[in-house]
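So this first bit is one chain, no partners, the form predicted on its own, shown in structure tokens.
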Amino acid sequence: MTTSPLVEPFPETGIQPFTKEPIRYVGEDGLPVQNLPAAYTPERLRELHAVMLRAREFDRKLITLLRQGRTTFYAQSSGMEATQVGLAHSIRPGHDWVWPYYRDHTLALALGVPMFELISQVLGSNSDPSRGRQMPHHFAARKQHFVSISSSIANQVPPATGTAMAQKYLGTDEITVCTFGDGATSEGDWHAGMNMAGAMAAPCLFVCENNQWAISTNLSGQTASENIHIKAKAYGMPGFYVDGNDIVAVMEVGRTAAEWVRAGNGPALVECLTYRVGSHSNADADAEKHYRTREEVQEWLGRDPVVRVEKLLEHLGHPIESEERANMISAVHREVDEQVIRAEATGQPDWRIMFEDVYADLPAHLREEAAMLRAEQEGERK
């Protein structure tokens, strides 16, 4: 069974699929380009701004940890805060399921994953919920239904579709959210998962965080399509195009799409046009300057999603003063420092955990290996 492309999800919102230009509520200058929904009061915008700024400064502090040699891998999300925070506020945290990609720590923080858990995982400390078994910056959060991150591009898409199919079979009102970058849309897994979701009318919200660079390959090198969301037509689902640096637009489109999916209409695709202002990861921190121009980066820095909210608040007569902003940043830095100290104090995971969590009854050959390791450890201590 396939679902027909969406024409009018919620007529009262005026949000339509397959628009030529990204849907936008707030311009780059911080001025509304259409009437803001009543929910976006100055108080609410300040709350969203605080979440975005916290994620931005978390990003900066984690880069410092990386340079200090206290972790070995990190992928920044600076510049993409409106996309990830907006998405987090478009779904039901701890109820819906999230299959993320490797740049989604801002999404995790906005969904309520404790900073202590994220830092513990990055450090591989004994307090890491994954017990040091994943590479750094590849976390999971059971309470928030946040599935473990993987480095393999687009491999989260087919199992996300499977999760959504299970939700439909069980008759729950949960949905599955699957995020990915623009580079993932060149992978076979992406097409297989999207096609199956459309064919089975699975309640899955696919979100492309289009930051326009897949390591050193830009969007024009990924696809001949004019954009990503247009690809939804091939799979019988609506595709939405949104300014990913406008948190109001992301939330309005995200909620519209999420609730349409939850109502049993099948999957939907949302493309958030944004930009990663940092390197792909620490692996290309030096190479990054060779594949994109300084002018391009500066142009997108001028579209900073955090600054856009600040300009909007100033326009509404509720500015965030420079001293207030500085105090907010200092508070985040203290929070990160405290959580790092707390995580490192728990020590490193014990070697015995490699034999745990898989078998209820440990097979004989693993019992033998564990005994050998135990004897080696005891011998070293003597």
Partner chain sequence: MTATQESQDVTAASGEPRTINLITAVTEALHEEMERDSRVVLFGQDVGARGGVFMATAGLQASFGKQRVFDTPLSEAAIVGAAVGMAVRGLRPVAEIQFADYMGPGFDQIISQAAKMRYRSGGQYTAPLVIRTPSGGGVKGGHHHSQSPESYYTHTPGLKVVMPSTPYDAKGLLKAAIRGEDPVIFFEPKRLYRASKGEVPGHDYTVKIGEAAIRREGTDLSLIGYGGVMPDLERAADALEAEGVSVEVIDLRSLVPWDKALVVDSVQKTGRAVLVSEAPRISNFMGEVAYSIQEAAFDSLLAPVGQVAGFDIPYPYVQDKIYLPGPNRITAACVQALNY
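We call the rigid core the largest set of C-alpha positions that still match within 1.5 Å between the two forms. Here the structure is a predicted model, which means the values were calculated and not measured. Numbering follows the first chain given and starts at 1.
The form predicted together with the partner chain exists for this protein as well; it is not shown, and the discussion that follows is about that form.
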{"query": "Contact assignment for the partner chain in the predicted bound form, among 91, 75, 107, 149, heavy atom within 4.5 Å", "finding": "149"}
{"query": "Candidate from 331, 354, 33, 50 lying within 4.5 Å of the partner chain in the predicted bound form - any heavy atom", "finding": "354"}
{"query": "Distance check, residue 179 to the partner chain in the predicted bound form, heavy atom within 4.5 Å", "finding": "no"}
{"query": "Residue 159 within 4.5 Å of the partner chain in the predicted bound form, heavy atoms", "finding": "yes"}
{"query": "Heavy atom of residue 174 within 4.5 Å of the partner chain in the predicted bound form", "finding": "yes"}
{"query": "The partner chain contact in the predicted bound form: residue 97, any heavy atom under 4.5 Å", "finding": "yes"}
{"query": "Interface stretch in the predicted bound form with the partner chain - options 269 to 277, 190 to 198, 241 to 249, 82 to 90, non-hydrogen atom within 4.5 Å", "finding": "190 to 198"}
{"query": "Members of 153 to 178 lying within 4.5 angstroms of the partner chain, judged by heavy atom, in the predicted bound form", "finding": "155, 156, 158, 159, 162, 163, 165, 166, 167, 169, 170, 172, 174"}
{"query": "Core-aligned C-alpha movement of residue 361 between this form and the one not shown reaching 2 Å", "finding": "yes"}
